[in-house]
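Have a look below at one chain only, the form predicted on its own, in structure tokens format.
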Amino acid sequence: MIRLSDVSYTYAKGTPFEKTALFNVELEIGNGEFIAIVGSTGSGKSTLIQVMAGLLTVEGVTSDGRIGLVFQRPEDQLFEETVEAELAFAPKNFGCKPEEIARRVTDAMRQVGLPDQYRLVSPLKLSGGERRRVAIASILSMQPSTLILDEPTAGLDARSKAQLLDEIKRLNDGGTTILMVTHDMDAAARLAQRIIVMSDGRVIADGDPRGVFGRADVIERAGLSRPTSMAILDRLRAKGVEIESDAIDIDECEARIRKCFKM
């Protein structure tokens, strides 16, 4: 559980560069949720997750579990000679015993789908998608109850992106609370149970994907696009086709079209 009660945050307070990034945010994150945090650049998303993770200290934030934060392009921060050493770094610094470290390394590799033969391979010799998984696994070795990911698929090719999103979904299915900052509205609509929309440092919408993406006022104010499935049906409606446009994934979109045209 993470709770934010009337949380605001200002950078460089009392200087000519003062800028308030969050205004009076009220949020409650339940255990086991999968939440997508969306909004345009500068909307306050990154500040929000850093406040949640405790990297920025502010009154009004409480949590009852360990939180792991994966920054954008975390693979750039890999530094150990092998995958095993990378994943063992955090539990070793927590003072875990060797057998516990070995167990955590094995569990973290399994959770992100890394083959066991990668243990002694240098992370730098892996593909971009595999390095991203190593970086996420290094956070999972801390055994967080909540995993926060900032644009986890940025810079990945389509195949690596799909594989990584599947792994993140499996983590959530296994009980890990997921908060994912993303500009990918299709992924947000397909995977998240709940969408939090940020604009100018404020939460302007918080609800299920169908309801949030169905609000034209929210989409316009936040500078977002609708998921592809909704956009396709919007175009059909604009041409006079009587069809509901609230499908949140391509399969549902196809089903709506087939039913409408009796295909």
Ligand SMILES: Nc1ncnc2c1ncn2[C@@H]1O[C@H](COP(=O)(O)OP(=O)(O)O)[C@@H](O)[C@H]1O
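Position 1 is the first residue in the sequence shown; the rest follow in order. What you see is a predicted model; the values in this text were computed from it and never measured.
Here the subject shifts to the form predicted together with this ligand, a form of this protein not shown in this document.
* Just one stretch in 44-52, 232-240, 202-210, 60-68 has heavy atoms within 4.5 Å of this ligand in the model of the complex, so which one is it? -> Selected range: 44-52.
* **Distance check, N31 to this ligand in the model of the complex, heavy atom within 4.5 Å** => N31: no, not in contact with this ligand in the model of the complex.
* To do: Using a 4.5 Å heavy atom cut-off, state whether F23 contacts this ligand in the model of the complex.
  => Although this ligand is absent here, F23 would stay clear of it in the model of the complex, with no heavy atoms inside 4.5 Å.
* Using the partner position in the model of the complex, report whether S40 sits within 4.5 Å of this ligand, counting heavy atoms only. => The answer is yes: S40 has a heavy atom within 4.5 Å of this ligand.
* To do: Note that this ligand is not shown here; using its position in the model of the complex, name the residues of 10-37 with a heavy atom within 4.5 Å of it, in sequence order.
  => Stretch hits, in order: Y11, K19, A21.
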